[in-house]
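Structure 1 and structure 2 below are the same protein chain in two forms, each given by itself as structure tokens.
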Structure 1
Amino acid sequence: MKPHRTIARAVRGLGVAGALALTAALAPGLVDAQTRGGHVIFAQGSNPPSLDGMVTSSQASRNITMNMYETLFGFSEAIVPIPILAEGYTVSDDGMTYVIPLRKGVMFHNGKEMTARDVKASLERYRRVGATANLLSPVREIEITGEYEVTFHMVAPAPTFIESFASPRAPAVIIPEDDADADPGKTSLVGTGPFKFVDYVPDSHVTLERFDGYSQDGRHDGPDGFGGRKTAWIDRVTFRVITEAGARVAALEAGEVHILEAIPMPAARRLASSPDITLFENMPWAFSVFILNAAAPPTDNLKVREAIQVGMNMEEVMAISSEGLYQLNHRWQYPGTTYDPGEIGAEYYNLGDIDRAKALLREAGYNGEEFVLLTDSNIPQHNKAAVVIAEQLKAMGINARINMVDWPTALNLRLQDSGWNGWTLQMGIEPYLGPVAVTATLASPARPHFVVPDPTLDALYQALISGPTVEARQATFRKIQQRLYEIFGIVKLGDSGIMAAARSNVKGYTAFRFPRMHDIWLEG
């Protein structure tokens, strides 16, 4: 049934030198002994809202869909946009046209070849139903300029267009033209990825199987971020939804699942020395933030917001909410990345200065008004952070009350001007995508996080997206960082990580933004 597995066993009998030679013959360019075949079970905590890759920005969906679909461009391991289904692109000097040749011979799971018509149809659909359809708002028109070429005509020059177009948040995946008119969630779930859809039982599992007609990207030696040369070794992968963290861990230990998206840290510490389990640290993974509502009293007062900023002990919040997997970071970028703004704002971070907070509160004329701390029951990091913050606010003399609701309600409430003062949130994908994505959530017009727009910040955002060079954008981002520590509309708590875990017989797995089911294999 699985000839390669037998060979691999024989290989181990031959000793190292012989093994290397044989493996090289089987899979040129790779050193390890991959085994074809097997069924990998991956466990995650929540149900994918949709498997229609472009309509949702949920991580639970992305975990699965990024194995099924591909985009024209995507991020490399080093978070640089690279062509995946595209051959590349050329921009006209005025920045108004992008000519994008496509890779030839790329097959969909339905056996048809991808052409420019599919690409145009997919992107037109993205404009209508894509979860972040504004990604394409800089594009005026998509023109088919060849069997394997599309040309984007822009509204205005957008220097950071390709970066945001490569965003995996709600990926602009390429699907067959036949699905172009399908309502969200009603497509045939056909893509070009290394795995194809088999079945989906909501609240239970999604099964994919290897797509044998997959067209590898020959420009690379191996996988690179969201793209590169992908090789599917395993026959099948099942994404099991196990909502309970403890049950997920138990299933991993029992060998019922092979890979966990995230393992709670106490369990990770317990299993660190287990020979059966391998841990994969994903650090940093997300910003932990605390959003203040500048429209409702008492947080409409700048002094009150400043008091909260200086009174808080970020280390305590992070240590508890992340269960110990965190780094302290006041920056609105990860340290050491291209747009790292440095020490700006550090003087306000992790002070835990209760006296200064009390003085500021007095100055603000704070008089025991209720502070409603909005959080949700679904995401443990959110509600744990809220519990710790509430205790700290009380220590400052703020009359804090937690309002814990379920996630949809929280999303609804925080769009209101009143009824809440603070909201805890993990910003997962934006920091990964870079300064534009982070700032976009805070500036007009998208601005889901700030209730009261700040004109200075909005202007800086415009400067950021139109900044012609990296240096110009870096300078702008430093100003943004500065501004955020002037208006105190959002408190940066720190960076948190996540810990993935796998059975030790899963080989080739690496920590990444989504679980790559290609280039992993089962041993033994």
Structure 2
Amino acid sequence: MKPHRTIARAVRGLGVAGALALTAALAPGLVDAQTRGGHVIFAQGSNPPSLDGMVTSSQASRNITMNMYETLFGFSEAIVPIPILAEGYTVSDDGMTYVIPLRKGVMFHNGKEMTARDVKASLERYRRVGATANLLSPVREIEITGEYEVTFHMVAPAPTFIESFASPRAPAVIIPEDDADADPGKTSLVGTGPFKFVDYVPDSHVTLERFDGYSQDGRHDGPDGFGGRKTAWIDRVTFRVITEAGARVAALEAGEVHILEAIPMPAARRLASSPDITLFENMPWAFSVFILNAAAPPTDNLKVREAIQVGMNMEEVMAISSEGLYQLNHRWQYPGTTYDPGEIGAEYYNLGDIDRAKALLREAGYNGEEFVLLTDSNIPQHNKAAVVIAEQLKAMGINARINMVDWPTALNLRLQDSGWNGWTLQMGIEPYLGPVAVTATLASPARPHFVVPDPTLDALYQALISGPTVEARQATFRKIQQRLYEIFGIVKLGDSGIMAAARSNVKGYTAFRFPRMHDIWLEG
């Protein structure tokens, strides 16, 4: 395996001024006095598929919805579960009961106080429509045991339950009981967060405004990850949809927008010394992956999928798609983290072995059938990766054709069993959360990314979530990584980062898993 590309190499072109800007951006203690009021404009590349916080795992939605809604539990800055709308929890000695008292005085945007009835109704809806509804699979029953208390009765002990349940991927947000029977996307868009919904014009913008009835969490001195004490200083936030990256950068330079979700690396290097712009590095941000549809020919053939794995040059794909902000990594966790599975599967990674790929295709009986490579026009890393991958597939002798659509359409098409063979994706939130979140997207009862459930992987997922110790779960995750390099349903390309940018008069902003519009303000 070729050596990892280091972050220092990837961003060294920023220079001294850029490094100083990054340092200042990551030092939240060095701030000026907060100023109330103002209108912040945040630019992102695609429409949110939905503003119903439960039903989509799209980053384009999460950017917005995590400012509108809250969950019982979430992750701190240190990626540790903390209570948000819950007061805490107690677990019975046998692990079969979780008693969860709720914060009192928490108000919805419609002026009603949150009670246990809202929580139970929200979570029952999440079972039906949640994009990662399997977060609640370990729970047999949700019981109201007080006006401000719910009790979870478990199917079996689940030592990783709170860690999994705190996931913001498609969060189990709490909404009013009145919305609990709503179809996906048909709620009133009411939550408990520091900002409330105003309007959504597709292909243009989403507007939120400060919720003056917001109930701050007094257990904290300030924000902490997805929770903590949140203060909304600005009056209004507009999330503008600007699909073309160059147009987003031009809008930032002109002062028409305040914050960019992502800035291309060439533009970041050019603007590193600008006194008007501050840069924010997020690295590692995501797994770059290439998902193969195991239900549709020719990728329903294991040997075809193996051929693609061994024939690909991951470094070429990552270097071009990330514009230099990447590291090579075959692992399904980040190197050096608690669940790092080591070198398992490394013998299949970044080989670029065209001859071996062609031999496997002959063994599979591949006869030039079309390979439809699904990607989207909104996320540059997706479509740049697709272009490089398509050329590599053609070099192996695969009849590859790119189908580039907008992001919401891509999300819809990949849910079909046919009509596509490969899909380029950035898995951002899952590796951040750890092995349970990653494996949950690949195992039943969720629809696996590669469409066809794998009973062995499903069993390993159950063993992972029920493992009584960290050591037991580490051993299981090593088996999961081994299995992924046996079924070849999803190709790990590498780890990528993103560079965000903001006008220098935006104060208090820090890089995180979603743009926190609370605890920022405008200077001047």
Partner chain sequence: MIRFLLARLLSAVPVLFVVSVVTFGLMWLVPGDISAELGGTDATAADLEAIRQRLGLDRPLWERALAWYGALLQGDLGYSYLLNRPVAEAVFERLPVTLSLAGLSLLLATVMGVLLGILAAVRHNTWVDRGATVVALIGLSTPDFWFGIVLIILFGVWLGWLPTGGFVPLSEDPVGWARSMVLPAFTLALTQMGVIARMTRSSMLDVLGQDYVRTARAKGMRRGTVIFRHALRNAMIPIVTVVGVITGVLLSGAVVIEQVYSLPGVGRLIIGAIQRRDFPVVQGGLLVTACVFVFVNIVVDLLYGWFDPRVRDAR
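It should be emphasised that the depicted structure is a prediction, and the values quoted were computed from it without experimental measurement. The first residue in the sequence of structure 1 is number 1, and each one after it adds one. Rigid core (definition): largest C-alpha set, two forms, superposition within 1.5 Å.
Two forms of the same chain here; which is the form predicted alone? Structure 2, not 1.
Could you point out which of 40, 481, 260, 285 sits at the hinge of the rigid-part rotation between structures 1 and 2? Of all listed residues, the hinge one is 285.
Smaller rigid part, angle turned between structures 1 and 2 (C-alpha superposition) in °: Angle reported for the domain motion between structures 1 and 2: 21 degrees.
Shift in Å of the residue 461 Cα between structures 1 and 2 [rigid core superposition]: Value for residue 461 between structures 1 and 2: 3.9 Å of C-alpha shift.
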